[in-house]
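What follows is a single chain, given as structure tokens, in the form predicted alone.
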């Protein structure tokens, strides 16, 4: 039986790296092993989703002294090279989630991380529904498929603690500060609904640069918006066994 220890999670999203800042983000990660047990990246790692940008990100994260788990964001999909970018990251030792999960050993604790990019649609009472034009039905169905994939992965992940890593937000509270008109393009309540059903200790997301850091799902799970512009620093550290 494993012995539970405090798990320290360094997290950030929306770092948007390119060739002109090569080496700069790596400097900001120096000594991270003294402050965290794992680094999680909540998407939008590149600016325009080019392979060149993906290689910059891979080089910045290569051979870090702690495990690195990442998801891609909408910017990383822009050039239709998301699979190639994910491949570059995996070659650099980064665990890239695509609506699935992984278990990371953190001292005596097995940390399960589940997630992927996520998608939009809006929030309860003010959301798109699977009605009308095929394009709208497909939009909502895509988010529902992702949510169901996360729920299944959470149920199948055998771990002491579980974290969900996403780019899009599962709740509207961490979007406060963004224009209301774009909420449906920043996340979906279906993501929170799936996680509340399956259970998790923490949800991390990015995407909302003008949003708010802290919120809760309807089921009481902590949600943190870790977009770099929100944090104002290279990463934040969250503890699963203590308050932050």
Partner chain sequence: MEAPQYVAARIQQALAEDARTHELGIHVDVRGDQLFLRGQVSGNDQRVRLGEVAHEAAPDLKMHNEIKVVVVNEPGEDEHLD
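Quantities reported herein were computed from a predicted structural model and do not represent experimental measurements. Numbering follows the first chain given and starts at 1.
Another form exists, predicted together with the partner chain; not displayed. Remarks below refer to it.
Engineer: Does every residue of 52, 55 and 155 put a non-hydrogen atom within 4.5 angstroms of the partner chain in the predicted complex?
Structural biologist: Spot residues vs the partner chain: no contact at all.
Engineer: Does any heavy atom of residue 78 come within 4.5 Å of a heavy atom of the partner chain in the predicted complex?
Structural biologist: Close contact exists here: in the predicted complex, residue 78 approaches the partner chain to within 4.5 Å, heavy atoms only.
Engineer: Mark residue 26 yes when one of its heavy atoms lies within 4.5 Å of a heavy atom of the partner chain in the predicted complex, and no otherwise.
Structural biologist: Judged by the heavy-atom cut-off of 4.5 Å, residue 26 is well away from the partner chain in the predicted complex.
Engineer: Looking in the predicted complex, any heavy atom of residue 62 within 4.5 Å of the partner chain?
Structural biologist: Residue-level check for residue 62: no, no contact with the partner chain.
Engineer: Should residue 39 be counted as a contact of the partner chain in the predicted complex, where contact means heavy atoms within 4.5 Å?
Structural biologist: It does not: once the partner chain is placed as it appears in the predicted complex, residue 39 has no heavy atom within 4.5 Å of it.
Engineer: If we check the partner chain in the predicted complex, which of the residues in 14 to 48 reach within 4.5 angstroms of it by a non-hydrogen atom?
Structural biologist: Read in sequence order, the residues that approach the partner chain (within 4.5 Å, in the predicted complex) are 15, 16, 20, 21, 28, 35, 47, 48.
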